[in-house]
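What follows is a single chain, given as structure tokens, in the form predicted alone.
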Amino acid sequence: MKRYEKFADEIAELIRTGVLAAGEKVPSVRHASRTYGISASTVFQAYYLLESRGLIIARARSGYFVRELAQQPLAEPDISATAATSTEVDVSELVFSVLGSLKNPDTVPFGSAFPCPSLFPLPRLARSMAQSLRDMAPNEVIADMTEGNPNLLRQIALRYGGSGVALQREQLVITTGALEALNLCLQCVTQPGDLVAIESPAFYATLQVLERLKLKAVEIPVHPREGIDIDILSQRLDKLPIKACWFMSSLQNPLGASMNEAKKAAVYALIQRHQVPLIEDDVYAELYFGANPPKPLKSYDRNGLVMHCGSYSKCLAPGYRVGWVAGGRFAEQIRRLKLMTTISPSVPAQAAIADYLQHGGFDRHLRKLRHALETQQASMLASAARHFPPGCRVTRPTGGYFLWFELPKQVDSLQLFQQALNEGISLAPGPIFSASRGFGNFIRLNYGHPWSPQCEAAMATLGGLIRGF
């Protein structure tokens, strides 16, 4: 990272945490140069970068000021209560009906599960694939099918090391995306009819997997900033025969919540005491805002109880379908189960990603991607404050590309979904994120596409539809 980029990130962190408030003047070029021991040109470059990210604005003969993105920001949602019993999961038809309606390319993609493809280095990845295929010996096409591309395994292990997790390569299993990894983990530790602790709200694919495997959901409420309610989790583990937990410890979908380090340690202590395996879904790990990456819950694992699942679909290569799991004590079971089902993800896709990770500038791409997502989040939050009626609430995640909105009680988000679709706007209604079909007045919106007049108009339309209930 260049010095001006590092300084820009330091100022962005001050804005994000409220140390520099909206409308407040940022340090002058002269003052910043003297205080931080950097040249005036470095300060100017940093301020130009922050201006392009939409965080500050220049005023003639006055200096730079923090942008007033929203004069009256929406409040955060409250934590939601959940039932104390287990729930049979039956949401697939609802999920499929929602997802099937999002295929029109002319629809404003607030309901999408992915960021804009233009944010990914797809041409550079194509060159990596061409290069890796030219260099691949014929025997490697077969040899790498069962074990995974050795260079990719090495790059993933190095990334874990950088986040404080020392892993043997033998613990890693390459999978066809993170969803296969999550499926395999759950199959290794449960039988039909077993109870699985999940978040509430939860990513809808979690619910579909439980439904397919005939497992029952024990919903644990999630705080919009701090993650799962650990007291409720402790009570459920004490009273119910839970066989596994499936949580997102950082940038949870749909809320964007992240557990702090103390909570992650406490969750691990709980599952260790009960000897309940935990499946950590960490597909958004690289999409954090700020300078410090969140440590995975896996970093506290000393007994192999945590199966940590990741993917390149959300941060680098959507469509390549390359994921992995660090399986702990279950790694060999996961590997064998994979060989009984899909055998191997695409060998060329693995080789392409491995080449890119080694030579393509992954960290440079991630910094650019994070900056774009942070700017787009600020635009959507400001737009919601302008257009949504009183009583609406919204999360403020420190990464990812989703916002979770709580709407007034009288709003039916399934009806709103259909009305918005008729206006050419997609959204994800709350009930698809709940085993008990709760969250009827909630929606998830995706800010992963560059902000445009079309997006602004769509937010204004949504605000009008919400007022109509």
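Predicted model, so just to flag it, every value in this text is computed and none were measured. Residue numbers here begin at 1 and follow the sequence given.
One more form of this protein should be noted, the form predicted in complex with a further copy of the same chain, which is absent from this view; the next part is about it.
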Practice task
Report the residue, out of Leu366, Ala291, Ala75, Leu122, that has at least one non-hydrogen atom within 4.5 angstroms of a further copy of the same chain in the model of the complex.
Solution key: Leu122
Fill in the blank from the handout: Students should find that, of Gly391, Pro117, Gly361, Pro150, the residue having a non-hydrogen atom no more than 4.5 angstroms from a further copy of the same chain in the model of the complex is Pro117
Exercise for the section: Can you work out whether a further copy of the same chain is within 4.5 angstroms of a heavy atom in all three of Leu297, Gln454 and Gly464 in the model of the complex? Expected result: no
Practice task
Sort through 277-285, 179-187, 152-160, 228-236 and report the only stretch with a non-hydrogen atom within 4.5 Å of a further copy of the same chain in the model of the complex.
Solution key: 179-187
Exercise for the section: Look up in the model of the complex whether Tyr320 has a non-hydrogen atom within 4.5 angstroms of a further copy of the same chain, and give yes or no. Expected result: yes
Practice task
State yes or no: in the model of the complex, is some non-hydrogen atom of Arg302 no more than 4.5 angstroms from a non-hydrogen atom of a further copy of the same chain?
Solution key: no
Problem - Any non-hydrogen atom of Ser344 within 4.5 angstroms of a further copy of the same chain in the model of the complex - result: yes
Handout entry: Ala262 within 4.5 Å of a further copy of the same chain in the model of the complex, heavy atoms
Key = no
Handout entry: Within 4.5 Å of a further copy of the same chain in the model of the complex: residues from 238-262 (heavy atom criterion)
Key = none
